[in-house]
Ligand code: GLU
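The chain below stands alone, shown as structure tokens; this is the form predicted alone.
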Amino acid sequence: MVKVRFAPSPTGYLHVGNARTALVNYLFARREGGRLLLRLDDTDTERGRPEFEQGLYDDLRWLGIEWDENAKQSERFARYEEVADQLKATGRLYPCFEGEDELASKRAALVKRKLPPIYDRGALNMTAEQRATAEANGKRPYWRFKLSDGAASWNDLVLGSRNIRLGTVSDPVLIRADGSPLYTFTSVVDDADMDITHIIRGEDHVSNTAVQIDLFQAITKKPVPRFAHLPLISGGDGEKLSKRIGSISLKSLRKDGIEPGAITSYLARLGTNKDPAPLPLPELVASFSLSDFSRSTPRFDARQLVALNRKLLHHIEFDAVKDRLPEGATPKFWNAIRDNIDMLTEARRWWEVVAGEFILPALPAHIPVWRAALDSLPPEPWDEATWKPWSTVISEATGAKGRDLFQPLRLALTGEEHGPEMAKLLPLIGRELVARRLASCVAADGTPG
């Protein structure tokens, strides 16, 4: 069975780059009838926080991404130690004592000789006595994994054929001097133990893949997972996105009024040969394929996301948004405004239009239209059919037509030059408030209040 994993670190709030990775893993798992593991890489105790962990769960559920299994690396230290002991016993994990200054000096010497600055495995030449002396002098070893000879090859499901000679890569440090395991090690152990079949992640991990394949083969006889590396998203300025850019965190997008369906619809197609469309998750699953992704860097375009959000709002029913609308909002109010907003947060402004107060600057040129409107104000009850005959009477009384007629009326009644159909707004505002606004408009100073 296909099994994938989304493995975030709870060191910040989820941003669109991470959300895309989570979504692609979810869509692939569901399309293939497989399972999705949510694994927290939470070994960074200094930067990890409980609120970030909870934020990950909340953001994923908000997007509609459900997972089948949970795991935490912080609960698996005993397992990592066990595998490390096995690698030490076979000589694949060896102790090193060089400090950063010594390593930097070695790298500089290699660069000067125009050689690749990879680790020279000097620690392997130390005798048992030299190691004992180093430890007696207070040095604690960190541990490197001895890479195999030859190369690591894989057919990337997005990037195509890849081949990396292991001799061009430094033996990676897997265990720090304080005994804590690094991501490269813990991730591979988990992938092996948890039967991960496909690893779908960002292109920034390509350089790790050759090492991880070699390490995977050293600790288990299970088949190596298949890899798919998605080109990283760039921002509007071409810079790579970072989880520390709050303006593109899911938390921020949610606060701004972007719907989860707009985000999933946009990210599911970002970087593919398919145009984004406001589709529910089941339809995104049905049309999903890794082969659709390009090798080119996709650009995150906020305008496209907002356009999708607008299309989505046009079809959302009142019951789906009523809890997020201003208190007192009705289905008629929602049906009147939903075609004219980009984000749900804009609904509050239109609620103020139909139920609140606002101030206009003095506009003497519009007073004849406003006075005629007040004088011909029809009796209630009002409905959507009230607007047309009333505006016709005003036009006949003033000679105003088109923009010269409708703009003054819209300004007086809504305070805006554009917006929802006046025929729908008029009965929501009501005769009493319309009369008060028009009376203020025709006052001597022309300032409604």
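Here the structure is a predicted model, which is why all the values come from computation and not from measurement. Don't overthink the numbering: it's just position in the shown sequence, from 1.
Although it is not shown, the form predicted together with the named molecule is what the next lines describe.
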Notebook entry, point to check: in the model of the complex, do P8, D41 and R201 all put a heavy atom within 4.5 Å of the named molecule?
Noted result: yes
Next item on the list: Find out whether any non-hydrogen atom of Y183 is located within 4.5 angstroms of the named molecule in the model of the complex, and reply yes or no.
Entry: yes
Check: With the cut-off set at 4.5 Å between non-hydrogen atoms, does H205 touch the named molecule in the model of the complex?
Finding: yes
Item checked: Interface membership of S187, the named molecule in the model of the complex, 4.5 Å heavy atom rule -> yes
